[in-house]
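Just the one chain here, the form predicted on its own, laid out as structure tokens.
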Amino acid sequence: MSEVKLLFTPSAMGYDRAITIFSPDGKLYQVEYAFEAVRKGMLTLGVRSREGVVLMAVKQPRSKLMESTEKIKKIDEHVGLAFAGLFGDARVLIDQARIYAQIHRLVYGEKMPVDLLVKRICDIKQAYTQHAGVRPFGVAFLFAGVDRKGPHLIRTDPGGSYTMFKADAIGANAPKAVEVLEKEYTDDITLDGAVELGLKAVRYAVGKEIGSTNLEMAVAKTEDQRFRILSEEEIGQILSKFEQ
């Protein structure tokens, strides 16, 4: 009996055709592609200080007729997030985060700890890396908030991992922004200093003038434990203050 040759060998398999197949070097290519969706998103960054956390997101409408491309969202009164990646994927997870936060308030009568909220969202992200017929969420978040443990800045990745940061950036040109943050961040930075550093990193990474119409900003202060998205007028005042 002649030996039957395999026409479809493991080396010929398309490791990116299914989320459940690892490549020989231990990667899930669908997750890698999701990271690429994040890298192509608009620049988003956050800076943490003892006085609170600031989030910034560059927005660039695809048309001058567009009214809004919001990249920063409020989850609960003490926590919010900014994202880079696919808007649709972000919307679904943001809605779920709000549900988790409200359920925690109803059950325990207190604000949901920021790190616990992040873990819940990462549980969903991770589940979508191990089931056939689904794909990973092509979005990364920077969660910013204040709870009884103090201020938090936490990044979540498409694969379901999360990392706490003093300062970080995601999206297009993020390495340039991180370069500035790593060079100039100090542990004793004030909230005003965090805002100034964030603006400097954004300007360096984007390479063009930033105004109140193409920048979003939010602040979570330690003193009142409230997350607040700033208006265009407030952003304009801040930009004028640090340009002087």
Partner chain sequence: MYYYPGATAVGIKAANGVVLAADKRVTYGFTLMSRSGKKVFKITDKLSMASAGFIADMQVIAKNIEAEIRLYELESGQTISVYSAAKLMSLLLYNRRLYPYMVEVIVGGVDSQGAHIYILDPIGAVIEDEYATLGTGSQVAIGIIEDNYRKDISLEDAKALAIKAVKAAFSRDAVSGDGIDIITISDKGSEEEFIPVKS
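In this text the structure is predicted, and so the values were computed from the model without any measurement. Residue numbers count along the first chain shown, from 1.
There is another form of the same protein, the form predicted in complex with its partner chain; it is not shown, and what comes next is about it.
Judged by heavy atoms within 4.5 Å of its partner chain in the predicted complex, the contact stretch among the candidates 78-86, 130-138, 144-152, 91-99 is 144-152.
Within this chain, residue 116 lines the site of its partner chain in the predicted complex, having a heavy atom no more than 4.5 Å away.
Within this chain, residue 73 is remote from the site of its partner chain in the predicted complex, having no heavy atom within 4.5 Å.
The closest non-hydrogen atom of residue 166 lies beyond 4.5 Å of its partner chain in the predicted complex.
Residues of 99-121 lying near its partner chain in the predicted complex, listed in sequence order, are 104, 105, 106, 107, 108, 109, 110, 113, 115, 116, 119, 120, the criterion being any heavy atom within 4.5 Å.
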